[in-house]
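Presented as C-alpha coordinates, the chain that follows is alone, the form predicted alone.
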(Lines give C-alpha, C1' and ligand atoms only; values in the text may rest on other atoms or scores of the structure.)
Protein backbone atom coordinates (compact mmCIF):
# COMPACT_ATOMS: atom_id res chain seq x y z
CA UNK A 1 0.00 0.00 0.00
CA UNK A 2 2.94 2.34 0.63
CA UNK A 3 6.13 1.87 -1.39
CA UNK A 4 9.11 4.19 -1.01
CA UNK A 5 12.16 3.83 -3.20
CA UNK A 6 15.43 5.77 -2.80
CA UNK A 7 13.59 8.75 -1.30
CA UNK A 8 15.70 11.86 -0.73
CA UNK A 9 14.83 15.38 0.40
CA UNK A 10 17.46 18.09 0.45
CA UNK A 11 17.25 21.54 1.98
CA UNK A 12 20.24 23.33 0.54
CA UNK A 13 23.34 21.26 1.27
CA UNK A 14 21.60 19.20 3.95
CA UNK A 15 19.88 15.89 3.19
CA UNK A 16 16.99 15.70 5.67
CA UNK A 17 16.05 12.32 4.16
CA UNK A 18 18.85 10.38 2.48
CA UNK A 19 18.09 7.53 0.04
CA UNK A 20 15.37 5.86 2.12
CA UNK A 21 13.51 2.76 0.88
CA UNK A 22 10.78 0.70 2.60
CA UNK A 23 7.21 -0.51 2.15
CA UNK A 24 4.10 -0.90 4.30
CA UNK A 25 1.53 -3.58 3.50
CA UNK A 26 -2.16 -3.76 4.31
CA UNK A 27 -2.62 -5.22 7.79
CA UNK A 28 0.67 -3.75 9.00
CA UNK A 29 1.31 -1.05 11.61
CA UNK A 30 4.76 0.45 11.08
CA UNK A 31 6.30 2.52 13.86
CA UNK A 32 8.64 5.19 12.51
CA UNK A 33 11.17 5.97 15.24
CA UNK A 34 14.01 8.39 15.54
CA UNK A 35 15.43 11.27 17.56
CA UNK A 36 14.30 14.84 16.92
CA UNK A 37 15.48 16.01 13.52
CA UNK A 38 16.01 12.48 12.19
CA UNK A 39 13.75 13.00 9.14
CA UNK A 40 10.50 11.38 10.35
CA UNK A 41 8.13 14.27 9.64
CA UNK A 42 9.85 15.15 6.36
CA UNK A 43 9.39 11.56 5.15
CA UNK A 44 5.70 11.63 6.10
CA UNK A 45 5.17 14.93 4.32
CA UNK A 46 6.58 13.39 1.15
CA UNK A 47 4.39 10.27 1.53
CA UNK A 48 1.30 12.47 1.69
CA UNK A 49 2.38 14.76 -1.14
CA UNK A 50 2.78 17.79 1.13
CA UNK A 51 6.45 18.06 0.12
CA UNK A 52 7.91 17.01 -3.25
CA UNK A 53 10.93 14.70 -3.06
CA UNK A 54 14.31 15.84 -4.31
CA UNK A 55 14.88 12.31 -5.65
CA UNK A 56 13.24 8.89 -5.46
CA UNK A 57 9.58 7.96 -5.53
CA UNK A 58 6.54 7.32 -3.32
CA UNK A 59 3.51 5.29 -4.38
CA UNK A 60 0.31 4.77 -2.38
CA UNK A 61 -2.06 2.02 -3.46
CA UNK A 62 -0.11 1.78 -6.71
CA UNK A 63 -0.43 5.52 -7.49
CA UNK A 64 2.67 7.68 -7.68
CA UNK A 65 2.18 10.62 -5.29
CA UNK A 66 3.82 13.09 -7.72
CA UNK A 67 2.35 11.80 -10.99
CA UNK A 68 -1.16 10.89 -9.72
CA UNK A 69 -1.59 12.99 -6.57
CA UNK A 70 -5.40 13.01 -6.36
CA UNK A 71 -5.70 9.24 -6.74
CA UNK A 72 -3.02 8.68 -4.10
CA UNK A 73 -4.36 11.25 -1.63
CA UNK A 74 -7.90 9.82 -1.79
CA UNK A 75 -6.50 6.72 -0.12
CA UNK A 76 -4.68 8.58 2.67
CA UNK A 77 -5.77 9.82 6.08
CA UNK A 78 -3.13 12.22 7.43
CA UNK A 79 -2.57 13.53 10.94
CA UNK A 80 0.19 16.14 10.57
CA UNK A 81 2.69 17.16 13.21
CA UNK A 82 1.16 19.44 15.90
CA UNK A 83 -2.41 18.61 14.69
CA UNK A 84 -3.38 21.79 12.77
CA UNK A 85 -7.07 22.77 12.55
CA UNK A 86 -9.35 25.81 12.28
CA UNK A 87 -9.57 27.15 15.86
CA UNK A 88 -12.70 29.25 15.33
CA UNK A 89 -14.76 26.23 14.17
CA UNK A 90 -16.67 23.94 16.47
CA UNK A 91 -15.59 20.31 16.57
CA UNK A 92 -18.76 19.29 14.72
CA UNK A 93 -18.32 22.05 12.14
CA UNK A 94 -14.68 21.13 11.50
CA UNK A 95 -15.48 17.45 11.04
CA UNK A 96 -18.45 18.24 8.77
CA UNK A 97 -16.13 20.45 6.72
CA UNK A 98 -13.53 17.65 6.52
CA UNK A 99 -16.26 15.23 5.37
CA UNK A 100 -17.35 17.65 2.63
CA UNK A 101 -13.75 18.04 1.46
CA UNK A 102 -13.57 14.24 1.17
CA UNK A 103 -16.71 14.12 -0.96
CA UNK A 104 -19.05 12.92 1.78
CA UNK A 105 -22.28 14.90 1.51
CA UNK A 106 -25.69 14.79 3.20
CA UNK A 107 -26.45 11.65 5.19
CA UNK A 108 -23.11 10.07 4.23
CA UNK A 109 -21.29 13.02 5.78
CA UNK A 110 -23.40 12.89 8.94
CA UNK A 111 -22.74 9.17 9.34
CA UNK A 112 -19.02 9.73 8.83
CA UNK A 113 -18.94 12.47 11.50
CA UNK A 114 -20.89 10.30 13.95
CA UNK A 115 -18.51 7.39 13.35
CA UNK A 116 -15.31 9.34 14.06
CA UNK A 117 -16.82 11.17 17.03
CA UNK A 118 -17.46 7.77 18.56
CA UNK A 119 -14.03 6.40 17.57
CA UNK A 120 -12.14 9.38 19.01
CA UNK A 121 -14.35 9.96 22.08
CA UNK A 122 -15.37 13.51 21.12
CA UNK A 123 -19.06 13.56 22.03
CA UNK A 124 -18.50 15.64 25.18
CA UNK A 125 -16.83 18.49 23.23
CA UNK A 126 -18.76 18.27 19.97
CA UNK A 127 -20.21 21.79 20.20
CA UNK A 128 -17.13 23.54 21.61
CA UNK A 129 -14.94 25.73 19.43
CA UNK A 130 -11.57 24.13 18.81
CA UNK A 131 -9.66 27.02 20.41
CA UNK A 132 -11.31 26.23 23.77
CA UNK A 133 -10.18 22.59 23.76
CA UNK A 134 -7.31 21.09 25.70
CA UNK A 135 -4.26 20.00 23.68
CA UNK A 136 -5.38 16.39 23.97
CA UNK A 137 -8.85 17.05 22.58
CA UNK A 138 -7.47 19.21 19.76
CA UNK A 139 -5.20 16.34 18.82
CA UNK A 140 -8.09 13.86 18.88
CA UNK A 141 -10.19 16.21 16.73
CA UNK A 142 -7.46 16.31 14.09
CA UNK A 143 -7.10 12.52 14.31
CA UNK A 144 -10.86 12.27 13.67
CA UNK A 145 -10.55 14.29 10.43
CA UNK A 146 -7.84 11.88 9.28
CA UNK A 147 -10.30 8.99 9.74
CA UNK A 148 -13.41 10.73 8.38
CA UNK A 149 -13.37 8.99 4.96
CA UNK A 150 -12.31 5.57 6.33
CA UNK A 151 -9.02 5.63 4.38
CA UNK A 152 -7.05 2.56 3.36
CA UNK A 153 -3.76 4.19 4.39
CA UNK A 154 -3.11 6.13 7.60
CA UNK A 155 -0.11 8.42 8.04
CA UNK A 156 0.00 9.66 11.63
CA UNK A 157 2.72 12.02 12.85
CA UNK A 158 3.04 11.52 16.63
CA UNK A 159 -0.66 10.64 17.14
CA UNK A 160 -0.39 10.44 20.95
CA UNK A 161 1.37 13.78 21.41
CA UNK A 162 -0.29 15.80 24.19
CA UNK A 163 -2.58 12.99 25.34
CA UNK A 164 -2.88 11.86 28.93
CA UNK A 165 -2.07 8.19 29.77
CA UNK A 166 -5.69 7.06 29.40
CA UNK A 167 -6.07 8.81 26.05
CA UNK A 168 -2.77 7.36 24.83
CA UNK A 169 -4.02 3.88 25.70
CA UNK A 170 -7.25 4.49 23.75
CA UNK A 171 -5.43 5.82 20.66
CA UNK A 172 -2.88 2.98 20.66
CA UNK A 173 -5.71 0.45 20.80
CA UNK A 174 -7.47 2.28 17.97
CA UNK A 175 -4.31 2.24 15.82
CA UNK A 176 -3.75 -1.45 16.49
CA UNK A 177 -7.37 -2.29 15.61
CA UNK A 178 -7.32 -0.23 12.39
CA UNK A 179 -4.02 -1.82 11.42
CA UNK A 180 -5.76 -5.16 10.91
CA UNK A 181 -7.40 -3.90 7.71
CA UNK A 182 -5.36 -0.81 6.74
CA UNK A 183 -1.75 0.13 6.15
CA UNK A 184 -0.65 2.37 9.01
CA UNK A 185 2.56 4.29 9.54
CA UNK A 186 2.99 6.46 12.59
CA UNK A 187 5.97 8.35 13.91
CA UNK A 188 6.88 8.43 17.57
CA UNK A 189 9.81 8.84 19.92
CA UNK A 190 8.00 6.91 22.67
CA UNK A 191 9.49 3.43 22.60
CA UNK A 192 6.68 1.79 24.61
CA UNK A 193 4.36 2.52 21.66
CA UNK A 194 6.32 0.05 19.54
CA UNK A 195 5.22 -2.85 21.76
CA UNK A 196 1.76 -1.36 22.30
CA UNK A 197 0.74 -0.90 18.67
CA UNK A 198 3.36 -1.90 16.07
CA UNK A 199 3.83 -5.04 14.03
CA UNK A 200 7.14 -3.63 12.72
CA UNK A 201 9.37 -0.66 13.41
CA UNK A 202 11.96 1.37 11.52
CA UNK A 203 14.57 3.52 13.26
CA UNK A 204 15.75 6.49 11.23
CA UNK A 205 18.73 8.64 12.21
CA UNK A 206 20.19 11.63 10.35
CA UNK A 207 17.99 10.87 7.37
CA UNK A 208 18.95 7.20 6.99
CA UNK A 209 17.32 3.95 8.08
CA UNK A 210 19.52 2.32 10.72
CA UNK A 211 17.23 -0.54 11.86
CA UNK A 212 14.16 -2.31 10.48
CA UNK A 213 12.33 -5.24 12.08
CA UNK A 214 9.63 -6.49 14.41
CA UNK A 215 9.76 -5.35 18.05
CA UNK A 216 11.17 -8.76 19.00
CA UNK A 217 13.86 -8.53 16.30
CA UNK A 218 14.89 -5.08 17.49
CA UNK A 219 15.03 -6.18 21.13
CA UNK A 220 17.25 -9.09 20.06
CA UNK A 221 19.86 -6.49 19.03
CA UNK A 222 20.11 -5.36 22.65
CA UNK A 223 23.34 -6.10 24.48
CA UNK A 224 21.43 -7.82 27.28
CA UNK A 225 19.20 -9.97 25.03
CA UNK A 226 19.55 -13.59 26.14
CA UNK A 227 21.42 -12.70 29.34
CA UNK A 228 20.54 -14.70 32.47
CA UNK A 229 19.85 -12.70 35.62
CA UNK A 230 19.79 -14.67 38.87
CA UNK A 231 19.79 -14.11 42.60
CA UNK A 232 21.44 -16.62 44.92
CA UNK A 233 21.73 -16.97 48.69
CA UNK A 234 25.11 -17.79 50.23
CA UNK A 235 27.16 -18.46 47.07
CA UNK A 236 30.22 -16.17 47.26
CA UNK A 237 32.07 -17.96 44.45
CA UNK A 238 29.11 -17.90 42.02
CA UNK A 239 30.35 -15.02 39.84
CA UNK A 240 33.67 -16.73 39.11
CA UNK A 241 32.05 -20.06 38.31
CA UNK A 242 29.44 -18.45 36.04
CA UNK A 243 32.19 -16.54 34.20
CA UNK A 244 34.02 -19.84 33.62
CA UNK A 245 31.14 -21.28 31.59
CA UNK A 246 32.28 -21.70 27.94
CA UNK A 247 29.15 -20.02 26.59
CA UNK A 248 29.39 -16.94 28.89
CA UNK A 249 30.98 -13.72 27.61
CA UNK A 250 31.00 -11.87 30.93
CA UNK A 251 29.29 -11.74 34.32
CA UNK A 252 28.14 -8.57 36.08
CA UNK A 253 27.24 -8.03 39.72
CA UNK A 254 24.07 -5.96 40.07
CA UNK A 255 23.55 -5.48 43.79
CA UNK A 256 22.25 -8.79 45.11
CA UNK A 257 21.93 -10.20 41.57
CA UNK A 258 24.32 -11.61 38.98
CA UNK A 259 23.89 -11.30 35.24
CA UNK A 260 25.63 -13.67 32.82
CA UNK A 261 25.86 -12.63 29.16
CA UNK A 262 25.98 -15.17 26.29
CA UNK A 263 28.96 -15.07 23.91
CA UNK A 264 26.56 -14.42 21.04
CA UNK A 265 22.87 -14.76 20.16
CA UNK A 266 23.32 -18.41 19.17
CA UNK A 267 24.71 -19.21 22.63
CA UNK A 268 21.73 -17.83 24.60
CA UNK A 269 19.82 -21.12 24.90
CA UNK A 270 23.02 -22.99 25.81
CA UNK A 271 23.80 -20.40 28.49
CA UNK A 272 20.37 -20.82 30.10
CA UNK A 273 20.82 -24.61 30.29
CA UNK A 274 24.38 -24.28 31.58
CA UNK A 275 23.41 -21.85 34.34
CA UNK A 276 20.58 -24.10 35.57
CA UNK A 277 22.88 -27.15 35.52
CA UNK A 278 25.56 -25.22 37.43
CA UNK A 279 23.09 -24.07 40.10
CA UNK A 280 21.87 -27.65 40.55
CA UNK A 281 25.36 -29.13 40.59
CA UNK A 282 26.67 -26.64 43.15
CA UNK A 283 23.57 -26.92 45.33
CA UNK A 284 23.13 -23.13 45.40
CA UNK A 285 19.92 -21.72 46.87
CA UNK A 286 18.21 -20.00 43.93
CA UNK A 287 15.91 -17.11 44.84
CA UNK A 288 15.21 -15.72 41.34
CA UNK A 289 16.17 -16.40 37.73
CA UNK A 290 14.98 -15.02 34.41
CA UNK A 291 16.15 -14.56 30.83
CA UNK A 292 16.42 -10.97 29.57
CA UNK A 293 14.44 -10.16 26.41
CA UNK A 294 16.46 -7.09 25.55
CA UNK A 295 15.64 -3.40 25.87
CA UNK A 296 14.41 -1.23 23.01
CA UNK A 297 15.67 1.94 24.65
CA UNK A 298 19.20 0.51 24.84
CA UNK A 299 19.06 -0.48 21.15
CA UNK A 300 17.69 2.94 20.19
CA UNK A 301 20.34 4.77 22.18
CA UNK A 302 23.22 2.67 20.88
CA UNK A 303 22.12 3.07 17.26
CA UNK A 304 21.27 6.78 17.24
CA UNK A 305 23.71 8.45 19.63
CA UNK A 306 27.02 9.69 18.22
CA UNK A 307 29.98 7.62 19.42
CA UNK A 308 31.40 10.64 21.25
CA UNK A 309 28.43 10.84 23.67
CA UNK A 310 27.53 7.17 24.14
CA UNK A 311 27.81 5.80 27.66
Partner chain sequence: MNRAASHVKTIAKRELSSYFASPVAYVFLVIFLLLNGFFTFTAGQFFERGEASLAAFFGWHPWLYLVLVPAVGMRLWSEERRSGTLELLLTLPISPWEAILGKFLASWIFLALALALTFPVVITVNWLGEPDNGQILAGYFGSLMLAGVYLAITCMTSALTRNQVIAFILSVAACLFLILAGFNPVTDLFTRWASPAVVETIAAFSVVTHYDGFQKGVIDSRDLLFFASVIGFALFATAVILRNRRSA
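What you see is a predicted model; the values in this text were computed from it and never measured. Numbering follows the first chain given and starts at 1.
FYI, the form predicted in complex with the partner chain isn't displayed, but the following is about it.
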Worksheet item: For residue 137, is any heavy atom within 4.5 Å of the partner chain in the model of the complex, or not?
Response: no
Worksheet item: Heavy atoms within 4.5 Å of the partner chain in the model of the complex: does residue 199 have any?
Response: no
Worksheet entry | Residue contact check: residue 107 to the partner chain in the model of the complex, 4.5 Å heavy atom | no
Worksheet entry | the partner chain contact at residue 207 in the model of the complex, heavy atom, 4.5 Å | no
Item to complete: Considering the partner chain in the model of the complex, find the one stretch among 219 to 227, 165 to 173, 96 to 104, 188 to 196 with heavy atoms no farther than 4.5 Å from it.
Response: 96 to 104
Discussion item. Looking at 92, 74, 115, 241 here, can you tell me which has any non-hydrogen atom within 4.5 angstroms of the partner chain in the model of the complex?
Written reply: 74
Discussion item. Please tell me which of 80, 151, 215, 179 lies within 4.5 Å of the partner chain in the model of the complex, judged by heavy atoms.
Written reply: 80
